[in-house]
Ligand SMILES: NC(=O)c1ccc[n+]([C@@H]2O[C@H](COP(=O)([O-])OP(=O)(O)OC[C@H]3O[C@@H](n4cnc5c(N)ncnc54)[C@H](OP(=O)(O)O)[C@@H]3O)[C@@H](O)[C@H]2O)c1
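Before any questions on how it binds or moves, here is one chain, the form predicted on its own, in structure tokens.
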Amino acid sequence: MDLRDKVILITGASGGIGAACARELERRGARLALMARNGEALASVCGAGALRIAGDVTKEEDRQSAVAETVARFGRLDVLVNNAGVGLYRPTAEVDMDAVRAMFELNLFGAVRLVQLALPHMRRNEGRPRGVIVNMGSIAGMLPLPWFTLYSSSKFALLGFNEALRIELRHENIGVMLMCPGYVKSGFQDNALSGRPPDRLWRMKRFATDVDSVAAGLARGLEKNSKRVIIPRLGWLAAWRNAFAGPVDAILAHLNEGYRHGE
């Protein structure tokens, strides 16, 4: 896909990975609609040509408005980037179920509903491909993380949705791509609904991927019509976990050792 003049709607675009993706796609000539709850922060992302929509992905009226405003401004919708998401670090035995439901509403159900709203407009597009849906998964959606159990579950669910949707839409020539970043230097950990990573993992943050690398990977994936993009490349080991389940699980258990709520 040539990104020049493509109309791209990005959720969760006020900071972190979303804002980085917006900047990278703008640099490559895309026309952008940016959605986030924090309208003030959103105002500083990209240039004057971007459409900014203050809204909550978990609210139906805001989802409908985001798609409708994008089409009203640009005349079509070529790419949907379901980037908005949130983490939850509580152990399963202690987690509040209202927080779990809130996380799934954002990480999974909001993404599914936006796909439903975007598809009719993509089906009207001329050209090949007619449109692309990008779901922001995670390496945690391929590799179960014991300090991140329920977040991992939400991303495993998104992975399953993504893969089945890609097959479902193949005959319509609408692409579906999964982004799987690993540990990223952003405000994601600080904005989690509850809890924090184990201290051993927190200290490894200096080795984390930067948001610009994730954004560049997303742009290249769109240009190459990729089905899945994993950042960093070492993350592909997560996709092969089943072949080495014993040793990998032992490593993860070691990282999680001594982890307690509130520590």
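Residue numbers here begin at 1 and follow the sequence given. Keep in mind the model is a prediction, meaning the values are calculated, not measured.
From this point on, the text means the form predicted in complex with the ligand, which you will not see here.
- Segments offered: 64-72, 25-33, 215-223, 48-56. Contacting the ligand in the model of the complex at heavy atom distances within 4.5 Å is 48-56.
- This chain is displayed alone, yet in the model of the complex one of Q189, N125, N173, T149 has a heavy atom within 4.5 Å of the ligand; that residue is Q189.
- Each of I17, R37 and N83 places at least one heavy atom within 4.5 Å of the ligand in the model of the complex.
- The ligand is not drawn, but in the model of the complex it has no heavy atom within 4.5 Å of F109.
- Although the partner is absent from this view, G137 contacts the ligand in the model of the complex, with a non-hydrogen atom inside 4.5 angstroms.
- Residue contact check for F156: none of its heavy atoms lie within 4.5 Å of the ligand in the model of the complex.
- Taking non-hydrogen atoms only, P129 never approaches the ligand to within 4.5 angstroms in the model of the complex.
- Contacts of stretch 158-181 with the ligand in the model of the complex, defined by any heavy atom lying within 4.5 Å, are made by P181 alone.
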